[in-house]
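Heads up, the chain below is alone and in the form predicted on its own; it's given as structure tokens.
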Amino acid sequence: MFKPEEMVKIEVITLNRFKDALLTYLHESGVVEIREVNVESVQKDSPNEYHRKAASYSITISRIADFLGSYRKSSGGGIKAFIFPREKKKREYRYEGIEKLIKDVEDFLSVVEPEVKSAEGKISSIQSEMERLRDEIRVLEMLSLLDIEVEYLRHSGLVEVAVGFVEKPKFLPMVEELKKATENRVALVHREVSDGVLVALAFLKRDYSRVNSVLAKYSFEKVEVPEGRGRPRELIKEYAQKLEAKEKELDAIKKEVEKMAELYYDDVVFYRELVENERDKASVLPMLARTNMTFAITGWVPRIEVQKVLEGIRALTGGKAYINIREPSEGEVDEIPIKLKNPGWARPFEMLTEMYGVPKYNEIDPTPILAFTYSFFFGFMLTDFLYGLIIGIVAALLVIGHKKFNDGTYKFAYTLLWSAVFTMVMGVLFGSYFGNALDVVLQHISGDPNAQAWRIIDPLREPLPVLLAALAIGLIHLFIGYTAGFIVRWKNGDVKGAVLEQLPWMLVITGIVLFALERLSMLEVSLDLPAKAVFGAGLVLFAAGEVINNGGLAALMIISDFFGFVGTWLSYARLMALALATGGIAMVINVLVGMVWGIKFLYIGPIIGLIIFFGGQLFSTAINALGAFVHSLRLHYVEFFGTFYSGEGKPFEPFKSRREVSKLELKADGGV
């Protein structure tokens, strides 16, 4: 706790014939982050034919999976499935090397791919034909305005026919110019439509070029006349029958594909996962160094996993491997991958730390502190028992449903659950139950206009003590941060930084606390002199540090940094501000309910009042919870982390398989 997992460097050299087996073992173990072997004048490894095939088949199978998945019958969903998702069954595959896997994939694709391609082709062809029929029906609906038999609208012998649209202002000039160009050898029928004029022109074939020039000049938009005989309305029925037949044909094909999806989809997803993991394995090959007979691999492994990895490699290679385990050097501190190490109660909160960035190897992991302070700040800001109860119930259900997956939903719900507990506690202390709703109920039942739920203080009536409490909490939080920064810098040999940048603020905060205790007369002994001494010492150290670090700019930086500290401290006033906002919004909702409740006509008042009450309070829960979430994170990411934490570490990214529906069965000796 407070420190990342200890890491060591592992270096392995073994025979090339163990390469696939060793990479598979490490991939399935998922405890080593592989790094590039940095050796000059040594050949780098590269993917072979089978790895390239795995990448190609991954794309092919993904396309098949997407196609079949779109026709697969839904197997549940909705809120219940989200809260309590079912764990996918894993199917075992006996892994005997990438060559055997590629052969199995090819055998599977030889059966499935032709069927899927045939179905895709049929569906695509039918859909294209249906779209063509719909387009022609739309054309016929337009041509029905002319009420002319369709065969007369197509070319015939010496006569050319053109049908199309022209803008209304251009119609008459176009007709005049056509008559001049053809010496009146043109006949036309037209009908006005909303966006122009529909025109059917008949002219001699010998006048085609002259007519075409005029039509182009006036932006005449030609329409292709559908095949068939008879008037447009008669043909529309004929085309509608063809379209209906195609729809039935499409439905029949889709039912076949649904059966195909039921038969093959699980297998397709299974093989997709297998080849995707092979593709992932191949991605590290360029990091390896090799000779004609051997290859070398290096990386980082958590110390607690070293024995397991050593035993696996030795069993896999039959002892034919050089293995070197060494401690990281000082020059490698910034390169060491970070795997956070926390007790079970704090582990889900690592998600919040990782959102900002993981610590460096020689820094403190703030997760255990954040686990408490984040939940407390959230509860202080939301500060309503029933709001906390609603969030707690939802979070508890998600925790129960997703615990077995340990996924992001579980981690987020876990943090919300603890935040809800603190919200309920603060709600009791501030006497807030949907704002002042409980007070209103008690006053109505007892007849006492002053009746109210038990509370330590009412923030809306006495905001000053709540503000002072928020600022006091801020001082404690900042003091913890500066102390952590002092410890980290001192341990890392940065004594100057610890004394001149961290210690001054620790003394200033201590002095402020002593001044506050003196003002409140909480102790019999006078603290005025010690407070001035500690506060003054902090200011002197602070000023000295600014002079040493900034030279001529010291005067400016003293003012800037001091008021920066004051601004950071005052940011904690948002604890009080959001607490008041939550109570205020809830009270406004209750006032609105009271205003409409008295309408007795057909019980409209109580009905509308209940809708406003429950709808408004649920909305208030959501919007204020979002505010508490964001501002709690801000107090940590900006104010708290700014005192000691960089978050510039490199997260541990192990060479690890992703298995949801597959499980490799390896040989008993650890080989493949």
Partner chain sequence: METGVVTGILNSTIALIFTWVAYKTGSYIYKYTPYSYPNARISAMEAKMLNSQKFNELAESRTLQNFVVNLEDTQYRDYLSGLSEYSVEEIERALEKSLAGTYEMLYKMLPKRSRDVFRLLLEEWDVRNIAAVVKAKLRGEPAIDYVSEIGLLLPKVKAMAEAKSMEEILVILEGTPYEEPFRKLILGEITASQFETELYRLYYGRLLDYALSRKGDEKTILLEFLRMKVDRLNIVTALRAKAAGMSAEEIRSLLLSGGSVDLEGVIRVDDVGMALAELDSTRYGKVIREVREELERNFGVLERALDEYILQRMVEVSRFYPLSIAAPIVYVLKKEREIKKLRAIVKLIADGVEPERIKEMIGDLA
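Every value quoted in this text rests on a predicted model; they were computed, and no experiment measured them. Between two forms, the rigid core is defined as the largest C-alpha subset superposing within 1.5 Å. Positions refer to the first chain, counted from 1.
This protein has a second form, the form predicted in complex with its partner chain, left out of what is shown; the following refers to that one.
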- Query: Given that its partner chain is left out here, which of K246, R279, R489, R272 has a heavy atom within 4.5 Å of it in the predicted complex?
  - Reply: R279
- Message: Please tell me which of S194, S329, S209, N292 lies within 4.5 Å of its partner chain in the predicted complex, judged by heavy atoms.
- Response: S209
- Task: Would you check whether its partner chain, in the predicted complex, lies within 4.5 angstroms of a non-hydrogen atom from each of K80, I83 and T317?
- Result: no
- Query: its partner chain isn't shown here, but in the predicted complex, which of 142-150, 365-373, 217-225, 449-457 has heavy atoms within 4.5 Å of it?
  - Reply: 217-225
- Just to confirm, D439 within 4.5 Å of its partner chain in the predicted complex by heavy atoms? no
- Might S560 be said to contact its partner chain in the predicted complex, defining contact as any heavy atom within 4.5 Å? no
- Message: How about E120 - does it come within 4.5 Å of its partner chain in the predicted complex, if we only consider non-hydrogen atoms?
- Response: yes
- Query: At the 4.5 Å heavy atom threshold, is K44 in contact with its partner chain in the predicted complex?
  - Reply: no
- Message: Core superposed first: is there a CA shift of 2 Å or greater at P85 between this form and the one not shown?
- Response: no
- Message: Superposed on the rigid core, does the Cα of W490 end up 2 angstroms or more away between this form and the one not shown?
- Response: no
- Message: After core superposition, I'd like to know whether L178 moves between this form and the one not shown (criterion: C-alpha shift of 2 angstroms or more).
- Response: yes
